[in-house]
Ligand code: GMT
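The chain below stands alone and is given as structure tokens, in the form predicted alone.
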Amino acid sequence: MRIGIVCYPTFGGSGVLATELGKALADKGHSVHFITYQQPVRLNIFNANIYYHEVRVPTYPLFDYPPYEVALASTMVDVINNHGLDLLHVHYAIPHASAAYMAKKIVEKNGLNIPFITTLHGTDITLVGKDKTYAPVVTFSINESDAITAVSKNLRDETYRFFNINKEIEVIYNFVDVSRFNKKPIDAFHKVIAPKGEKILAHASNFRKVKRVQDVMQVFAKVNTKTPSKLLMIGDGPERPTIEEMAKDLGLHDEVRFLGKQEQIEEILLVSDLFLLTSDYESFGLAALEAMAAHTPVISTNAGGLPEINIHGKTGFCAPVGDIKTMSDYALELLLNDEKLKQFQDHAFAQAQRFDISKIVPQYEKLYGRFCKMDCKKI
């Protein structure tokens, strides 16, 4: 199949998922065309089946805000016409679904029928999409999609609750390449981080308010009073300056490392004992799944789709949003009991295997096959 993938090229979950999906499809012999405004951060390999098409947005004095959606639709049309795409798969509804609808209608004038599939990832529905400014267009473009998928049951249910969707939304979970994470930890790295054998806790996010990174710091502060430990903060974003000041105010400056954005996150997770995810909402929680693939149990909130992957009392623990004490107690329950920690590590890895890329990508291929011409199927 010749597949166009439209996504945001950043470190966010939707861009990571879309890029890893495209790479996996290319490995299976499909032609994959990424269409976005810059090369996706995870598109760091050469594959003869992968193409990248940059969306260029001209700037004119007339426009206070460059019309990205129009430029995106025009680029889609160009790629469809010049590369004979069989379908478009757009990740994150805003503005990709509406741009895909526009492109679909344009090429119809030339006798081409290009289906487009929309995958909903989270804040495109639960935050931005609910804004009255965008809601009518989001609802329309989702309903005009030839197929709709959501990355968790919770996100599917939230979409039905907030939008008048008259089509089936299929759940195809996010995935992880378990082979990337199922490695032996680097002892030298562990000793650099925790030279006295301290426990290592980790958090990874885009440091937006919804991630509640202050809660991460408060949980760690309580844990650190009971057992010597270190905290690795992976990622970057608007809340980072605040959380750095908080670490200093709590006297934890020497115990916390801010690592910034990391492409090779597996090396960090492999030396971590626990992963903390304190978000107000997660449609799925890809960072938690990656931690599990590295044999790292998760202490998370019970918000959104997190309970669908982090099984309470087995792969980690879930607690109400903002409940610092409960999350701290759960963390210590594992960190102070090596035998129990080992059991949870094994359960976490087993859970990650259920979401391995080899199990999820065929679900997308099967979905594509419902719309792709019979002579271009490679399933």
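Quantities reported herein were computed from a predicted structural model and do not represent experimental measurements. Position 1 is the first residue in the sequence shown; the rest follow in order.
What comes next is about the form predicted in complex with the named molecule, which does not appear here.
Heavy atoms of no residue among 199, 296 and 330 are located within 4.5 Å of the named molecule in the predicted complex. Here the chain stands alone, but in the predicted complex its contact with the named molecule, taken as any heavy atom within 4.5 Å, falls in 203-211 among 203-211, 180-188, 73-81, 107-115. Distance criterion of 4.5 Å from any heavy atom to the named molecule in the predicted complex singles out 286 from the list 223, 87, 286, 99. In summary, among the residues 145, 272, 174, 159, the only one with a non-hydrogen atom within 4.5 Å of the named molecule in the predicted complex is 174.
Interface membership of residue 19, defined by any non-hydrogen atom within 4.5 Å of the named molecule in the predicted complex, is ruled out. With a 4.5 Å cutoff on heavy atoms, residue 230 does not count as touching the named molecule in the predicted complex; it lies far away. The named molecule in the predicted complex comes within 4.5 Å of no heavy atom belonging to residue 290. Shown alone here, residue 151 lies within 4.5 Å of the named molecule in the predicted complex, counting heavy atoms only.
In the predicted complex, just one residue of 87-103 lies within 4.5 Å of the named molecule by at least one heavy atom: 92.
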